[in-house]
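Take a look at this single chain in structure tokens; it is the form predicted alone.
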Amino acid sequence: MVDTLAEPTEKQSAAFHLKGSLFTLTVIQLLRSDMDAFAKQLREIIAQSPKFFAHAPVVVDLSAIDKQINDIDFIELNRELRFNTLVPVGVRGGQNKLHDQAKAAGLAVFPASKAEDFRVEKNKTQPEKKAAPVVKATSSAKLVTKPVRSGQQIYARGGDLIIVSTVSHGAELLADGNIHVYGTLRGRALAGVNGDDNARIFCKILDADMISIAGRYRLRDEKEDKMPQHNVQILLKDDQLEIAGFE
């Protein structure tokens, strides 16, 4: 008898494929190891916009407490984050002893970003000088001419992102440089994601759920009543997001 069953192909027998991808992670920079104070502040922040943070993946940044704290209760930290519907996935920055404690609690250890490494090396040799913000065009700008729909994520690596249409709620824009939207900006917009403090966000109409520059973010619920809604630019001023109009 002849066996008519074909040998399974590699594609048929494989259970999964590994693929690289880009995701936005919320970063919580830990300033001290007091878990009671951490829990109190976290619950106050989550209460302001619970739907926005629901099931959001979180990375805990330990760089601000490096060499100051040798022990952190990562088990309690995980428990508090999950109680508030956040999903802890890892840590970054800090010393190796804290990394070992984090790994024992089931957390991954992320490398510091290139922007962080640059700032550390720069501060070793000379004090950091704050230059006046300069908005400059880049030759590697990414141009999108169609509407950005809910669920889409567009990233301009190494340059500006230019959208000559509207952006829907549930969409996400990311750029190492500036973001320009010649329509209504909804969803999330994160400029200067690699640490560029001089990056800006420009849009014709502002209706975003979240805006961020170089890691500093602002939610829809935090917008002020007198804040401009048309012909808007968002920039960093004194380490805070400023929303201003332009002609």
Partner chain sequence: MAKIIVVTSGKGGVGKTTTSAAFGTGLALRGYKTVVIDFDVGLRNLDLVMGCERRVVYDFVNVVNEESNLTQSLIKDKRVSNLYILPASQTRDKDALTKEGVERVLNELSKEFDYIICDSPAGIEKGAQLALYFADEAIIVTNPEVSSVRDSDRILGILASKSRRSENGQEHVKEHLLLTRYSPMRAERGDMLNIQDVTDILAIPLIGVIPESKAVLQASNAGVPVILDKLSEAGQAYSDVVGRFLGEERPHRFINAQKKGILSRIFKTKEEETV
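Only a predicted model underlies this, so the values are computations on that prediction, with no experimental measurement involved. Positions refer to the first chain, counted from 1.
Keep in mind that the form predicted in complex with its partner chain is missing from the display, and what follows is about it.
For the chain shown alone, residue 149 is a contact residue for its partner chain in the predicted bound form, at least one non-hydrogen atom being within 4.5 angstroms. Using a 4.5 Å cutoff between non-hydrogen atoms, residue 168 counts as a contact of its partner chain in the predicted bound form.
Contact between residue 186 and its partner chain in the predicted bound form is found at the 4.5 Å heavy atom cutoff. Figure note: of the listed segments 102 to 110, 76 to 84, 173 to 181, 151 to 159, the one touching its partner chain in the predicted bound form, with heavy atoms no more than 4.5 Å away, is 151 to 159. Scanning 59 to 76 for heavy atoms within 4.5 Å of its partner chain in the predicted bound form gives no residues at all.
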